[in-house]
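Shown next as structure tokens: one chain only, the form predicted alone.
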């Protein structure tokens, strides 16, 4: 896996680089602001050497507000096949919603605290690089909490909401079954009911898992 890291803290940037390289991945560039990130990706693209995934901080210079997420959104539009994983100190719902809008492939939003859980963090980066989704449980909880006020999820049972939240974290059916201490078959039934109630047909293919989460964001 080839990675570009955008983080203004040199210490954290070097730490992330070490975590990934120690596990056999290649960090092809490290930058400290959103403008440098966009420039670096453009240069790599010109050489036909786009990375598999970008890991970027939400807040970077010069204003330390939303430069990172703005760059991430711009890159997702310009390079739909590029995975983008954003790190944030806190859950910032507006940024998460903006990042998740549109394409359902190769996107992640994690709190920086998750970096300490090395195995889960690296697994999340790999999942996003491969076109999957990785959402922090706290991000999911806030987004789903907001969505309970909307009619789009009104038909889901409490258990189906719980399963939907775990789906949004990027967990497989088997992983959800282990978390909830139920059978794989029970989870499959819940997932099927969620798809049915949200109007997601078989023609939507494998992306139904992500579309189930994105449905309420776009409502």
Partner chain sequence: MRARALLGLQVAEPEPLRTRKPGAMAWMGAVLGSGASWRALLYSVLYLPWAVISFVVTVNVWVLGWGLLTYPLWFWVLPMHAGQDGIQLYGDETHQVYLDNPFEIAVTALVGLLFTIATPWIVRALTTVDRLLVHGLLGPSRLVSRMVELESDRGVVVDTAAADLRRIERDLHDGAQARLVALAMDLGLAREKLQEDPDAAARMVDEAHGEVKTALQELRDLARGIHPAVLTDRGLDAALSAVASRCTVPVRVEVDLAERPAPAIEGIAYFTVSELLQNISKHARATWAGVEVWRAENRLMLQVVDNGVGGAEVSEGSGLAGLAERLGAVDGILVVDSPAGGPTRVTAELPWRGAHAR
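Keep in mind that what you see is a predicted model, and the values were worked out from it rather than measured. Numbering follows the first chain given and starts at 1.
From this point on, the text means the form predicted in complex with the partner chain, which you will not see here.
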| query | finding |
| --- | --- |
| Stretch in contact in the predicted bound form with the partner chain, which is absent here, among 184 to 192, 159 to 167, 35 to 43, 57 to 65 (heavy atoms within 4.5 Å) | 57 to 65 |
| Heavy atom of residue 130 within 4.5 Å of the partner chain in the predicted bound form | no |
| Residue 115, heavy atom within 4.5 angstroms of the partner chain in the predicted bound form | yes |
| Non-hydrogen atom contact residue 200 with the partner chain in the predicted bound form at 4.5 angstroms | no |
| Contact test in the predicted bound form: residue 77 vs the partner chain, heavy atoms, 4.5 Å | no |
| Sequence-ordered residues of 10 to 46 touching the partner chain in the predicted bound form, heavy atom within 4.5 Å | 11, 12, 15, 16, 18, 19, 22, 23 |
